[in-house]
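Have a look below at one chain only, the form predicted alone, in structure tokens format.
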Amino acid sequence: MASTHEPHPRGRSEVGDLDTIVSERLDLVDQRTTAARRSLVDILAGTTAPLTLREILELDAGLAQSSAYRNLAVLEEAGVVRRVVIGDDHTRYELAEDLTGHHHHLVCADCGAVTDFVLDDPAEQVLEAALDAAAAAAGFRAEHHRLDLVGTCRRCG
């Protein structure tokens, strides 16, 4: 279950700005910034794809599994972290999209690896128009979209 652990190619907020945003969002849900929460945010800010809890714990041996679960839940409630559920046994975590930029996922059905990808503006506009039309035809008002392409990665292929 490989994820890439290198600086993200999408434009993330500057670290100072991210610290402020995280603190403000935690305040809104009556929570505070702790060392464990800061560590989780730093780990997720430094990756190019959503991570499993196991991958997060491998990147910070000081985090306890139960504490990491609780803190991820708090960060999710505060709108800092987004849970990405890929099948029954592949739950991953990433920073909320408004902190990282709009993107999609390539998901390997065999190993659960997830890779972020970004469409160019013309392709994203065509996709958005098609999704808006489908939603309108069903009497549904879409707020945003997530696209996961599921298949087989190069390693499993």
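Position 1 is the first residue in the sequence shown; the rest follow in order. So that the term is clear: the rigid core is the largest set of C-alpha atoms that superpose within 1.5 Å between two forms. The shown structure was predicted, so the numbers you read here are calculated from the model rather than taken from an experiment.
The same protein also exists as the form predicted in complex with a further copy of the same chain; that form is not shown, yet it is the one meant from here on.
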- Query: Any chance 31, 59 and 69 all have a heavy atom within 4.5 Å of a further copy of the same chain in the predicted bound form?
  - Reply: no
- With a further copy of the same chain left out here, work out from 22-30, 59-67, 109-117, 44-52 which stretch has heavy atoms within 4.5 Å of it in the predicted bound form. 109-117
- Task: Report whether the minimum heavy atom distance between residue 86 and a further copy of the same chain in the predicted bound form is within 4.5 Å.
- Result: yes
- Message: At 4.5 Å between heavy atoms, is residue 35 in contact with a further copy of the same chain in the predicted bound form?
- Response: no
- Message: Residue-level contact is defined here as any heavy atom of the residue lying within 4.5 Å of a further copy of the same chain in the predicted bound form; does residue 17 satisfy this criterion?
- Response: no
- Message: Given a 4.5 Å distance limit between heavy atoms, list every residue of 142-156 close to a further copy of the same chain in the predicted bound form, or none if there are none.
- Response: 142, 143, 144, 145, 146, 147, 148, 149, 150, 151, 152, 153, 154
- Cα of residue 149 displaced 2 Å or more between the shown form and the other one, core superposed? yes
